[in-house]
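Single chain ahead, written as structure tokens, the form predicted on its own.
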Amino acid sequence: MGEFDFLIVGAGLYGAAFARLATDDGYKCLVIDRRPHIAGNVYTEDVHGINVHKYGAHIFHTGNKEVWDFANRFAEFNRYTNTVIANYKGELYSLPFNMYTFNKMWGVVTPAEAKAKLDEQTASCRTDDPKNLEEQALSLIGPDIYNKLVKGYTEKQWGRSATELPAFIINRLPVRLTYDNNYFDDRYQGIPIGGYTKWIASMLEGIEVRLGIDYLKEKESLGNIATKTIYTGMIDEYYNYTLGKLEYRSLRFETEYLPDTDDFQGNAVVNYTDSGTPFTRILEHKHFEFGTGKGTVITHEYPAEWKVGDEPYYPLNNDKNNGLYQKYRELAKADGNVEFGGRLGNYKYYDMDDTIAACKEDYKRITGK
């Protein structure tokens, strides 16, 4: 028997949530992370009094009351609502696609006018079985919106032609015939007051955490420290890429403090949807928490092809990669002392609420509680 019941590799949201659930049930947990900080990719750091989303924008949203109640155990959430602006060569549009978008694009005013225009736009593009993202998008919103607001942004984000990307990617963007520019449909939405790092720290309260430890380099010395390991890193890296490398997209961030600018863009998130602009979006962090003080912090977000040593952000869930992932899952089934969880362990894009829900399900399965 080890010193701990669970060794949890990764101090991000999945690892922290699992550790909290287990600790509350009387298990002894050790959480480690190779980064020098907790909170994984939801990490926020204070820059001149502004909570900066270090690894890209994170907005908590969910329709799951149980998940929302769990999240609110560790922080009070503000009332932030994600209303994204799209900038296409200086033209500004509202996202997701709603009446503000349609009015700016076509001059329509009523839902009936917008529906008629959408029907006209999609008439020659409709398909019941879209084979790729481009076919899905054209079938959904037609060429005008697709070419200005979807194609360039998506191909920059994924580094591939829209005809090579799976159709389901575009399904996350709703189309509304109302003047509702809330990006999400979920009932609950907000950002923890004080930032995500404080939220995760509260979740990990009373639990031993060791930072700056690379599990894969220390695997031998950590091998007997716990009865079971919960691994939230890349499943292919865990097995030393024995079966091949899964594909991911990475991101590069350029963040700067502008002491003489109180408001840079008037919105937390502005997407740049033309193919000629090298970055995908600019974040202005003070707007996530309704900041009004002097100065501001902005981040330009650049997509990049992932390579070993980079931070993987988005799994590329095409048939080839999903097939390779299933082979790694077969390896994992034979490995009785380790369980894989989270975005990288499951090679699946999770929103934060999905991460908590999946963690709760995994915890029940592993412990029987």
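Numbering starts at 1 and runs along the sequence shown. Bear in mind that the values here come from a model prediction, so they are computed numbers and not experimental data.
Below, we refer to the form predicted together with a small molecule, which is not included among the displayed structures.
For the options G56, G63, G323, G49, the one in contact with the small molecule in the predicted bound form, meaning a heavy atom within 4.5 Å, is G56. Contact with the small molecule in the predicted bound form, judged by any heavy atom within 4.5 Å, is made by just one of V67, L316, I32, C29: I32.
Contact between D214 and the small molecule in the predicted bound form is found at the 4.5 Å heavy atom cutoff.
Contact check for G142: no non-hydrogen atom falls within 4.5 Å of the small molecule in the predicted bound form. Contact annotation: M352 falls within 4.5 Å of the small molecule in the predicted bound form, judged by heavy atom distances. When contacts are judged by a 4.5 Å heavy atom cut-off, Y347 does not count as touching the small molecule in the predicted bound form. Of the stretches 101 to 109, 69 to 77, 84 to 92, 229 to 237, only 229 to 237 has residues with a heavy atom within 4.5 Å of the small molecule in the predicted bound form.
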